[in-house]
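Single chain ahead, written as structure tokens, the form predicted on its own.
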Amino acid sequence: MKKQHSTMIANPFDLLTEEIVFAILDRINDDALTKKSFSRVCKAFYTIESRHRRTLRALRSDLILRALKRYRSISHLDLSLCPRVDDATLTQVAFATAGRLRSIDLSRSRVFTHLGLASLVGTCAGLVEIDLSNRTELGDSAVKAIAEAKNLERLWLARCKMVTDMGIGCVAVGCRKLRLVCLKWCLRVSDLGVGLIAMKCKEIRSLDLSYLPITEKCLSPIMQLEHLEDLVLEGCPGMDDDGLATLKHSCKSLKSLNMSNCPNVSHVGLSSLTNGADGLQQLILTYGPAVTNDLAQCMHSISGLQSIKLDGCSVTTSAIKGIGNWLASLKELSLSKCSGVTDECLSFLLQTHKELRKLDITCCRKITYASIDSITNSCTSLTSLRMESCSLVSKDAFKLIGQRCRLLEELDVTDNDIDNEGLKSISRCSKLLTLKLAICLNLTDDGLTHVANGCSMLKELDLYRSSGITDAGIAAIAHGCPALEMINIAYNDKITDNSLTSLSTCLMLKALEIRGCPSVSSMGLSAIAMGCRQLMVLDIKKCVNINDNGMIPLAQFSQNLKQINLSYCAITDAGLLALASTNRLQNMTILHLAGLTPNGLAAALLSCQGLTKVKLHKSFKPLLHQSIFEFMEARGCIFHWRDKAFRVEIDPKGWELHNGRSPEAP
């Protein structure tokens, strides 16, 4: 009897060609975790994924060379998360990527000098982009080394405060192909250096001169740049009307102009600067002089203008009406914190600019129901509406938003009088991605249930101090919004572990803020750690029932955690040491941990190899050996010392300004 041999395929994935696998990888190119899982399917995928990757963002400097040995096709290298990159490392990077490297980001890296840059530029002749921002100690010798990059097109030198006109002159002579130059906060660069860049680098499209000690003298060659599209002159006090009036040339190619924080430039100077700029599309005048009808009139004939930002300016009624008479049809209008905005002038303006996509009326405290009626009636194509702290807007006005603006993707109604009925109407906006409901005291779980049923695409939800919310509302959100990436439920005392258990099903969750929720414990945090493997930012400040038992699952499952605030928790040396094993942790805030000792803190700090910033109470400073600080700082870690006294509660009523808060705030 003959044996029958069946043909068996050891690995069916081997049948896929490299072209097919490349096509699959192209589809998941923005998802690092998915690509990592993909590469682990089989050896073939592991090899092909390494050949496909073109961009690499290193988390630790000691792993850079190992990563480059695997990924041999890298053309863009991001080292911004590696604070310690020395000359030897740059030299090795140069030889490992020679002929392929086109872009490198060193914006937060330190230690290297002009020697490392010279080696990099000399070996990687194809470099077109270098970011050296925040290197405050780099001087002209480093910039002179960069000048040898003959093919360079984009250069960032923001906050390189030691660079002078001499260094910029070298760049101007050597890098004639530059298209983008950022010199923001380069305080030693004057009209001479800027003028040299403008005269020598004729291909420039984007030029950022924010906060430079420059005057109108450098503007003449800038205005003659034939391809200039984006000009930023923010915070340049040397610019004034008299100087700008002397300009003899106009920049016809200009599309975006930023004159924010220029107190000495009125409509007179602005008119001189924009004269002939018929292609201007965006104008940013935030926190400048009063906006008057004269300013509105000087922009009247620019028919292509699509965006204007006047945040923080005093705006007259006649100016708003003047904007309403423009020939242009605005797509974006920002009037945040503008005093003088009323129902009458806003309604008049919106009769003309019905094609608005983005509108910001944050802290316009004089507007009422009438303005919301005009906005929603005229601008039905809005995708973004920001109206935080519009305290005179009544509850009924919010119903109009959902009835008429169904295309909204972003809505901020922080600190407003919205109730459940308003939220029920807003839930009709099925494309909503970001919803901010902080300090909305009339909302309950019923309102959140409406959002959960109607806004399944929601990615960001802010419920800071919305005290009517309980576990039931959070459960509804977790069930109805599976794509949720960020949620803030801080200072809601009705939130318990049940909310965290519900949120643990949101697999895409990346940022969670639960500070000041006293009923949350380690049990709920453990559920988050096990369910939300992509978690990157966590704030558990004042969660007094979270202890070491919550840190162990975080260390085990939250391998993407980058930022955490542990202040006022019941965590001891053991918990902090367990957390220190998290490979990607970069930023920690540790204030008032009663169970923490100097020895435990020292051990944890030394174990966290990727730390770049630590906030500690000042009382620990004399208790830790100086060698620990020297070792950590040599690795690139910066210490911030706080001297805050222990407080049981902060801002109990929630009336302090909410705008500008961040998960890393102490």
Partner chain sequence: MELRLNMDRKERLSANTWKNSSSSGNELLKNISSGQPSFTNFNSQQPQQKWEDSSVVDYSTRIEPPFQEFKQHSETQSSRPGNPNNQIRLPDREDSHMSESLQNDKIQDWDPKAMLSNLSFLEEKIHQLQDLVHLVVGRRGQVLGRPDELVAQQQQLITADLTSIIVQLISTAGSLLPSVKHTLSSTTPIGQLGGVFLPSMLGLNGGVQAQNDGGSKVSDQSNQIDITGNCVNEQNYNIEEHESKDDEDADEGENLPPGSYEILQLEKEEILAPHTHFCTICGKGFKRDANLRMHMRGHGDEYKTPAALAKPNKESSSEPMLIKRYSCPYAGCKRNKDHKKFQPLKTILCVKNHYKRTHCDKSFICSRCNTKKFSVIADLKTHEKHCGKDKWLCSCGTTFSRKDKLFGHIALFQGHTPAIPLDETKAPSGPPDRGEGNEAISKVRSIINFGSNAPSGSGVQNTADVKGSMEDPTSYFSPLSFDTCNFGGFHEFPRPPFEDSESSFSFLIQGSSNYTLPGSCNYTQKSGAESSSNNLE
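Residue numbers count along the first chain shown, from 1. Remember, predicted model here, so these are calculated numbers, not experimental data.
Separately, the form predicted together with its partner chain exists; it is not shown, and the next lines address it.
Note on the partner interface in the predicted complex: the residue among Met162, Ala511, Ala118, Leu577 having a heavy atom within 4.5 angstroms of its partner chain is Met162. Screening Leu400, Cys170, Met523, Leu433 for any heavy atom within 4.5 Å of its partner chain in the predicted complex leaves a single hit, Cys170.
Proximity of Ser190 to its partner chain in the predicted complex falls within the 4.5 Å heavy atom cutoff.
For the chain shown alone, Lys200 is a contact residue for its partner chain in the predicted complex, at least one non-hydrogen atom being within 4.5 angstroms. In the predicted complex, at least one heavy atom of Gly139 sits within 4.5 Å of a heavy atom of its partner chain. Its partner chain in the predicted complex is approached by Arg176, whose closest heavy atom lies within 4.5 angstroms of it. Segments offered: 500 to 508, 141 to 149, 309 to 317, 282 to 290. Contacting its partner chain in the predicted complex at heavy atom distances within 4.5 Å is 141 to 149.
Residues are counted as partner-facing when one of their heavy atoms sits within 4.5 Å of its partner chain in the predicted complex; in 106 to 125 these are Thr113, His114, in sequence order.
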